[in-house]
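Taken one at a time, structure 1 and structure 2 that follow are two forms of one protein chain, written as structure tokens.
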Structure 1
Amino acid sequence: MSDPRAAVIRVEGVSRWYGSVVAVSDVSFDVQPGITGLLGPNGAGKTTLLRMMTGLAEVSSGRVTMFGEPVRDNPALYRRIGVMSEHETVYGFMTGRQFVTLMGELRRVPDLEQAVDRAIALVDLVDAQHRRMDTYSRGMRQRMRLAATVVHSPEVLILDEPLNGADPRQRVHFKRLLQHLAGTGCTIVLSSHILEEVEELADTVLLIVNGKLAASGGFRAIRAALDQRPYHVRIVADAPRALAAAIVGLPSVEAVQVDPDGALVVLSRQVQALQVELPRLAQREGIRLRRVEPLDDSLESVFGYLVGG
């Protein structure tokens, strides 16, 4: 358990449900200064959790505090937080500078012009600040949104899927920018459904699956937790019985069954190894693979993490 004295954010036994649908179930963790990655498949409950952490959504049970204070209905605390949602919320008819200025005005930032200059320079968009935002690339809009998020110099940044839609060059720039902000003492929580993104950025990773905290720790601990979990993988091939006879000998395979429709269902605790071994085996046996897909309810994105997708 992390040291509560060092925790900037504490989430204690938090649940959130909508009627009979449980979005988040009894989640507890601490967030210390630095970058914390909230990792999980789409629909795992990450956005709901982030909304409760920022006070935008009420908890059904449990407690969320930031700097030792409750986050819900706490306007003074909100001045210390910057939030960037997953959905793109920009006005295309505005220039980048007008957009950042508007966000600063809403937050009553003192010395507004200097604050806007500083925020835009931080995201390296000084040359584009007087262009309309509907002329920006997706990555540029994300960076200008980040400028608007940090114009009031928040102590905590909450970012929901900030790298979505960015091209590789923009991703590199954005990652360096977040690392710079963390180096200045800012506490950053970002969500992602891609393990490699979180690996490159986060000091601590929180794995959310089906609304629950499945694992937490450094990248290696999360990778180990994922590798240890048994997964069912469905394989469609031209010669299923011949493939089944060959695949059962792979070290990554624990069990194989052939469905009535001829597809194989493989149980594996080493999906990453299976991803490497399976094509080699099929090529050696002269068998054509037509489809390889996960069967577990929460596995789709996790499978992608493990096979490098």
Structure 2
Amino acid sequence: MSDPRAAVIRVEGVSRWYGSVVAVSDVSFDVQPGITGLLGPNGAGKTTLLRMMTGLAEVSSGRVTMFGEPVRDNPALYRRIGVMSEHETVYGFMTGRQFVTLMGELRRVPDLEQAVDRAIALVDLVDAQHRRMDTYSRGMRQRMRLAATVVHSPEVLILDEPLNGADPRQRVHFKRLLQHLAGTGCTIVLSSHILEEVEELADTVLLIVNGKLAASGGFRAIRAALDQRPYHVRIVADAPRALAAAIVGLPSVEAVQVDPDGALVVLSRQVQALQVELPRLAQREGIRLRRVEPLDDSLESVFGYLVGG
């Protein structure tokens, strides 16, 4: 009997380099059924990793297997996999229905017409199915591409930045759809550079930074690590030296520095508390705050902190 917790996808010591540039470096992880989020800033190596996981790109070293079989040069495996790349890889001269039908034909789907009907209904594009795809909005194209990706009812779905270009309503629909598919037992790997996107969807997160696996596990553990990181906040005020003297006494502040241009740079590990305390302090001291901005709130700095430990 097979182990029910056996990994659906196994990535073992995978690296990929282009000349002297290392895109992915010695990454290992297992993917189980459910939704796994591949999170990382732009250029972190997510797409390269996904391309190796789908067999589209060769690994420089290491091994990728799916259901225990090598992925590369194994076309038969694609009966069980659906892949949606980050590029809008559609044939503009086709209608949405023709595109989904073509993908179904290529995947040898039995009862093709029914499968196409089902896939298009799933993405809620029945009314637009006979329109040419070059007349679709970006979000509609993404959804029709998803229909084409699931037309053969794959056991594994690999989606590279699937929510790109979707408006808020489409995002909600897309998320519900992925949750529905995961509920049917599908193993889904999706990449994103947006924390909140992955937080809402993924049971497990793989954090990729500079081509390396920086962290993996449940989202809460990773989120907790993010919340404890120190933030730098830049404050522009009328009386910077007076504000600096007062602000250093706040429990949420660890250090204060006054820049040559008069702006304050505050280091805090409790940024949410600082958000509450700072306006009160300014009001009490009669100091006018002109600008308050986080200096390192980008994902890159978050990931940089995690990688730095």
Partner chain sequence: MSAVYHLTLRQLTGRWRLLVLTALSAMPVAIAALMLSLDRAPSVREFEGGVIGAMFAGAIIPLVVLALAGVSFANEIEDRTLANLVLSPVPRWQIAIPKLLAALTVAGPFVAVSAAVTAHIAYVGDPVATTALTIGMLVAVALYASLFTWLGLVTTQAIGIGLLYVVIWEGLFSGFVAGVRLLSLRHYALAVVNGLDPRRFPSLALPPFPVVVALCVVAVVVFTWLTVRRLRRMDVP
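Since we're looking at a predicted model, the values are computed, not measured. Every residue number counts along structure 1's sequence, beginning with 1. Heads up, when I say rigid core I mean the largest set of C-alphas that superpose within 1.5 Å between the two forms.
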I want to make sure I have the labels right. Is the form predicted on its own structure 1, or is it structure 2?
1
Note yes or no: does the Cα of residue 259 move by 2 Å or more between the two structures after the core is superposed?
yes
For residue 250, is the C-alpha shift between the two structures 2 Å or more after core superposition?
yes
When you overlay the rigid core, is the Cα of residue 283 off by 2 Å or more between the two structures?
yes
If the core is used for the superposition, what shift in Å does the C-alpha of residue 270 show between the two structures?
6.4
